[in-house]
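For reference, the chain that follows is the form predicted alone, supplied as structure tokens.
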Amino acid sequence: MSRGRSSGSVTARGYRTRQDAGGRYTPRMPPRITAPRGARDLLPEQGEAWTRLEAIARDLSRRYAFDRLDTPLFERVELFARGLGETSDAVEKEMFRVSGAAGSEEERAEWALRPEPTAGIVRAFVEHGMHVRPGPLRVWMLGPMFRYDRPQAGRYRQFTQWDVEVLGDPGPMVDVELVELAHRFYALAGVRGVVAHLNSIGDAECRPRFRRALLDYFGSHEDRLTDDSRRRLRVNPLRVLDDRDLDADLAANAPRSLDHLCHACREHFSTVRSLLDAMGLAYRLDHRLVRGLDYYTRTTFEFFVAGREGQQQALGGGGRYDGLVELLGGRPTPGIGFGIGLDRVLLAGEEQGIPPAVSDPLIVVVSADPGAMVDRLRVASVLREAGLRVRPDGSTRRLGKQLESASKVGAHWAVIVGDELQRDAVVLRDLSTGHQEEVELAGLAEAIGSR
């Protein structure tokens, strides 16, 4: 081997080594593995804001009398194809399909990561016979959803959604209750200027008339449609209105669902609007709002920050699905729900300059005695029992270094464990001012709380 060349080998752990000109081997790390495209890591500095939104969702679920229901992250493809519609984008273009273990019975089955929660919740409702429970059933879910979509700001292939569903209530009042619930969530999250876009797309009685009107209208302008809209026109004309690239003038002059509603649907929607007005809830009619899933009926709604109504700016949405339970094998049961994307809400808050969420003050327990680890743990345990946020320093560094480290991690207080512990006391130090005083251990949590 010439002295100007190097060679290498692979170790048992998979690390490559390089041999230099002197014959010495040095490790060379393998290539870094990054997060999948369209997914992201939630880093610690983002965690407090995320935790705050989750806490708002959980608290509102309790206050509005919803019970928790969780479904698997994956379900049979058939569930989504039947419930959402085989030609919906969620099924046709955006579904993450998975397979069972090689050689297993499930290997031949078709599975998919859930693209939305409603179909799974309705499947659970039917499977567990929840129709016999005193109704209506009110449930909530908070968790990840998956869609193989083009990644962009606020739109991820794995995203987190808060979802609420009501099964068994056909009246218009619950429609308004859910819109009001969503408005309250955005207000508590600090997002300003949220408006509900509202429409009614009718039911099985009046939808065929609207469908025929759309076929006639768009059929006469087929040369102005995108290839995607021409395909949609053949399988589900309503979804032409959902095309992001639809000609604006063509969309503006398209037939409107409100002009084709039957008497029952017209009365339902009229009551919804009058109740929204009475409650002072901001909304605007949106005749293009048909939502992208086939199970929707009657009331549909989406939420936007006023002035930011683009296709990728919706903060959440939902509507009625009065035929979905029957479609999935259950007894006819009306349903309504919504989903709010937490990723979008966080992004909207950042755009509006909402101050970042602040953690509870951090307390660090330190000691000059390297052998005082049990004492540090015990003091930390006492403070945690009182509900405080505490981190004991387990190092053997000098006390000054421990205090310096506590300041760097943002601690407000340092509890110094020393000889004072023999008389059941510690030293409490304010790291922002340097002031310190001896405090009885029994009153330590109260002393910190009072300051």
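Since this is a predicted model, take the numbers as computed values, not measurements. Note that residue numbering follows the sequence shown and begins at 1.
Although not depicted, the form predicted in complex with ligand AMP is the subject of the following passage.
Participant: Each of R209, L241 and R256 near ligand AMP in the predicted bound form, meaning some heavy atom within 4.5 Å?
Facilitator: No residue of the spot touches ligand AMP in the predicted bound form.
Participant: Which residue among R138, R147, R266, H131 has a heavy atom within 4.5 angstroms of ligand AMP in the predicted bound form?
Facilitator: None of the other options qualify; the answer is R147.
Participant: Answer with one of H183, R155, H197, R376: the residue that has a non-hydrogen atom within 4.5 Å of ligand AMP in the predicted bound form.
Facilitator: Exactly one listed residue reaches within 4.5 Å, namely R155.
Participant: I need the one stretch from 341-349, 280-288, 199-207, 122-130 whose residues put non-hydrogen atoms within 4.5 angstroms of ligand AMP in the predicted bound form.
Facilitator: Going through the listed ranges, the match is 341-349.
Participant: Wondering, does G317 line up within 4.5 Å of ligand AMP in the predicted bound form on heavy atoms?
Facilitator: Looking in the predicted bound form, residue contacts with ligand AMP include G317, since a heavy atom lies within 4.5 Å.
Participant: Classify Y217 as contacting or not contacting ligand AMP in the predicted bound form by the rule of any non-hydrogen atom within 4.5 angstroms, answering yes or no.
Facilitator: It does not: once ligand AMP is placed as it appears in the predicted bound form, Y217 has no heavy atom within 4.5 Å of it.
Participant: Please determine whether Q161 contacts ligand AMP in the predicted bound form, using a 4.5 Å cut-off between heavy atoms.
Facilitator: Judged by the heavy-atom cut-off of 4.5 Å, Q161 is in contact with ligand AMP in the predicted bound form.
Participant: Does ligand AMP get within 4.5 angstroms of any non-hydrogen atom of E165 in the predicted bound form?
Facilitator: Although ligand AMP is absent here, E165 would stay clear of it in the predicted bound form, with no heavy atoms inside 4.5 Å.
Participant: Just to make sure I understand: among 211-245, which residues lie within 4.5 Å of ligand AMP in the predicted bound form, judging by heavy atoms?
Facilitator: None of them.
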